[in-house]
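One chain is shown next in structure tokens, namely the form predicted on its own.
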């Protein structure tokens, strides 16, 4: 028999990690193509509100998930159009996407604040009182297992498929990729929209499972943590998953500090992921000459006439 407090902490850790990891994995795919998208927070919010409204109005979880994923992907296409087609500054576009996403989701969800869901994502295996670590893993919902599949699939695609190699080649060297005939704009556009879809899935998980209601600002900076996760994980899916577990643990630990006899402010725990990321960057600078694993051409628009 495992301590009940530990069971609760582990369950909360897995749930928080799932939310962070799926969004981070999508950003990892986008950045692998050389596109920096700082709009993760806005995309999560769009996916969260659209999925919630779809669930309220249709009562179908499947339809709600599809709507949440597609709406965030379409929203990400704005960033793709601005940065890939118009070749504008990626940092500015991403920040605008975050502000627009948060504002637009507040407007769209205004009439749905405080409403209760008739349906929500339930555990795949219904275990009334989990009392072991295995029970905790089995009692997660379908998006948790989908997150694991996406992690394995992403790692496989990046390392074992032609599309993955092209994606990484474009992120590393735009000029050489263009010389080899790779379709840079098409690949980057697709990668950005796929990253948006992942953020939308994270948003759906937020409002249909993690916190099953809608209110303004409920993303609470998780999009920025997802961005930090990509850096922490060195742009590698499995390391990013480990980072998600660590950051998810810190998020789950915050409200439970007093239960364990600590008087530390929960706000200190909330800023810890960013502090850890900064420390990782410092260590990489010292021991690996600043080689973080980031794609070399990230954030740099490609102009063929300058080749």
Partner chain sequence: MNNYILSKKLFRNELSTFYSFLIGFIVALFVGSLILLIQDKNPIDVFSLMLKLSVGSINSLSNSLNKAIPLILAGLGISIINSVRLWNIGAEGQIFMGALALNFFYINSSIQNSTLYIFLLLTASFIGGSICILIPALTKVLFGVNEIITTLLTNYIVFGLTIYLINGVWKDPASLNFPAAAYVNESVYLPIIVGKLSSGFLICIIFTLLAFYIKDKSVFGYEMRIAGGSELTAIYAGISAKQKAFLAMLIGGGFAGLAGGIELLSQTHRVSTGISQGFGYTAIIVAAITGMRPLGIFLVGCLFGALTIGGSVIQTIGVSSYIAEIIQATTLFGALVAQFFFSYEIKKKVENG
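Positions refer to the first chain, counted from 1. As the structure is a prediction and not an experimental result, all values here were calculated from the model.
Only in words, not in the display: the form predicted together with the partner chain, which the text now covers.
Only one segment in the set 107-115, 133-141, 149-157, 197-205 has residues whose heavy atoms sit within 4.5 Å of the partner chain in the predicted complex; it is 107-115. Though the partner chain is absent from this view, in the predicted complex it lies within 4.5 Å of a heavy atom of just one residue from 100, 121, 218, 193, which is 100. Among residues of the shown chain, residue 128 is not one whose heavy atoms approach the partner chain to within 4.5 Å in the predicted complex. Contact between residue 62 and the partner chain in the predicted complex is not found at the 4.5 Å heavy atom cutoff.
At least one heavy atom of residue 224 is located within 4.5 Å of the partner chain in the predicted complex. In the predicted complex, at least one heavy atom of residue 93 sits within 4.5 Å of a heavy atom of the partner chain. Judged against the partner chain in the predicted complex with a 4.5 angstroms heavy atom cut-off, the residues 78, 85 and 278 are in contact without exception.
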